[in-house]
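Have a look below at one chain only, the form predicted on its own, in structure tokens format.
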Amino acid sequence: MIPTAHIEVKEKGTIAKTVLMPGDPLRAKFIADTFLENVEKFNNVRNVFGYTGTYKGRKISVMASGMGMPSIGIYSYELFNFYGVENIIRIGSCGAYTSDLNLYDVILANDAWSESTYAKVQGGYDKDVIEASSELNSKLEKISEELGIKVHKERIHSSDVFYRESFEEYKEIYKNHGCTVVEMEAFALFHNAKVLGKNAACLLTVSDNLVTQELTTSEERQESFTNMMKIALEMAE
């Protein structure tokens, strides 16, 4: 096996069939250190850490995606297309567009709406909504029920822009497109899964609320969003 430009794995089977994908490399390290046994670090290129280990005796990998659709687009494509990965579950933070959602609420994305041209440029897909894998979502929803962790099933907004000049624009996105939270990666991940015949899902934790102005710290975002991690980790095989 020849390593890709961004992942240095040389041996087939090093990466599990299911990969959890936080944006932050330090969150990937936290998950590996806190929840996994028999851990092997398989990627260090650009400090985008990747780990394989076991959870309750079952194999699973965790690897950072970086921020934004171009970044997760690269890593998820390489994992799916070159390393035999079948399932990627994004686990990240999001901002809420409604006061009905509270800090630390867990969101399971039904689909992602975006203004991004990622899917059109990558594969000619010209629609602005892409669905998550219904199979993965069904499994994650069942796991959440078994663990007693409430999840909110929502349409999410995948944005190319973090700092908007028109702050109030989120109100129109919520009203016109039904998006209740915003993040920056899932639309590209869902597209890559669709074109490559793979599976992708997205679990998010509310880190801030644009309506109430509540927010969490960077340390809390890195280490305290454990409910979504526990749900996703049960997908280990």
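All residue numbers are counted from 1 along the displayed sequence. Computed from a predicted model, the values in this text were never measured in an experiment.
If you look for the form predicted together with ligand HPA, you will not find it shown, but the lines that follow are about it.
Consider T52 of the chain shown here, and say whether it contacts ligand HPA in the predicted complex, taking contact as heavy atoms within 4.5 Å. Taking the distances in the predicted complex, the answer for T52 is no, it never comes within 4.5 Å of ligand HPA.
Would you classify T180 as touching ligand HPA in the predicted complex, given a 4.5 Å non-hydrogen atom cut-off? Close contact is absent here: in the predicted complex, T180 is far from ligand HPA, nothing within 4.5 Å, heavy atoms only.
Heavy atom of M184 within 4.5 Å of ligand HPA in the predicted complex: Contact check for M184: yes, within 4.5 Å of ligand HPA in the predicted complex.
Would you classify I31 as touching ligand HPA in the predicted complex, given a 4.5 Å non-hydrogen atom cut-off? Result no; I31 lies far from ligand HPA in the predicted complex.
Where, among 145-153, 101-109, 86-94, 122-130, do residues come within 4.5 Å of ligand HPA in the predicted complex by heavy atom distance? Of the options given, it is 86-94.
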